[in-house]
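In the block that follows, a single chain appears as structure tokens, in the form predicted alone.
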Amino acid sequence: MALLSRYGDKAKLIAGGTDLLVDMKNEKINPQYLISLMKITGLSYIAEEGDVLRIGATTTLRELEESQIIEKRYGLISKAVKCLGTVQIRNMATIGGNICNAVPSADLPPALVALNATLKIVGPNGERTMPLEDFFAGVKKTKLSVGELLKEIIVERPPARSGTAFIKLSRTAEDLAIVNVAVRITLNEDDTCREARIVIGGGVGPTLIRSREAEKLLLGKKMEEELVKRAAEVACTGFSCRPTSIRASPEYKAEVGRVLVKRALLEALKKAGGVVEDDERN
């Protein structure tokens, strides 16, 4: 933190370096100083305390992938991690880097937002926490102040009768997402929807999108197929897409998004113990 405060915009933090070094090689950024975090052992851990999961910012994606705690009780994180890059990348990349790089196509942030994750941030003025969904300020922009760094990601275990799903569409298995979708559904005893979270990434906007309007549409209702389809349409309406990229046009992303959101909702509903008739699988 002292080095960050001293060098300001001239310095960049480096952990795994899987994004930072590529940007430097492509001359998108040219920092005068790199401040390594990888020998700070207190920043790498996976710990469960009751119903709360705590993950240190420099924990590698491979460590997340191999964690039995995450595999058994936080399957949404596990699924998102396994969709991210190659084993070589996951051996180096860190959860903090995947978040702080603030790329809209990142795979972990949508899953973590769907799980209502919060961040612990440390800086010259002490510690503060904030919801992950409030952390992003634009493409490669975050709400970290000068001298601050991400210390920990905090995730509460989903309540009973919850189901989750993560679906990613990309040109190849290792590529960045064209669209990715993370969903969490929690049901009441009568199978009505108690809580829903629908989060969409993959460059559909300058940051990921949480569709509160689509979530509200599901609350208190039994999730019949037409309702699920309508929620998917609402979730993908009005994407503030950037211009056509090398991966897909805005129109394609919106069309694909509706399909992926519907599939994710149905998958999450099934995992939560709900039942819905679905005659349209395309």
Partner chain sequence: MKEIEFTINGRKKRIAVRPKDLLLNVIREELGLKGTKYGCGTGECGACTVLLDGRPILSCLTLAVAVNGKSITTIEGIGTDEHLHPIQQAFIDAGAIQCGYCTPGMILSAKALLDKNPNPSEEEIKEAIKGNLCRCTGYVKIIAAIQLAAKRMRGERV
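None of these values were measured; they are calculated from a predicted model. Residue numbers count along the first chain shown, from 1.
Keep in mind the form predicted together with its partner chain is missing from the figure; the text below concerns it.
Visitor: For A137, is any heavy atom within 4.5 Å of its partner chain in the model of the complex, or not?
Guide: No, no contact at 4.5 Å.
Visitor: Using a 4.5 angstroms cut-off on non-hydrogen atoms, would I14 count as touching its partner chain in the model of the complex?
Guide: Yes, contact at 4.5 Å.
Visitor: Would you please decide whether V259 lies within 4.5 angstroms of its partner chain in the model of the complex, comparing each non-hydrogen atom pair?
Guide: No, V259 stays farther than 4.5 Å from its partner chain in the model of the complex.
Visitor: With a cut-off of 4.5 Å between heavy atoms, is I69 one of the residues that contacts its partner chain in the model of the complex?
Guide: Flag for I69 set to no.
Visitor: State the residue from R210, K79, R90, K151 whose non-hydrogen atoms include one within 4.5 Å of its partner chain in the model of the complex.
Guide: Residue within 4.5 Å of the partner: R90.
Visitor: Have a look at R62, R230, K222, K216 for me and say which one sits with a heavy atom within 4.5 Å of its partner chain in the model of the complex.
Guide: Spelling it out, the residue with a heavy atom inside the cut-off is R62.
Visitor: Choose from 250-258, 45-53, 30-38, 231-239 the stretch whose residues reach within 4.5 Å of its partner chain in the model of the complex, heavy atoms counted.
Guide: Within 4.5 Å of the partner lies stretch 30-38.
Visitor: If the criterion is a non-hydrogen atom within 4.5 angstroms, does every one of T18, T86 and E174 touch its partner chain in the model of the complex?
Guide: Spot residues vs its partner chain: full contact, yes.
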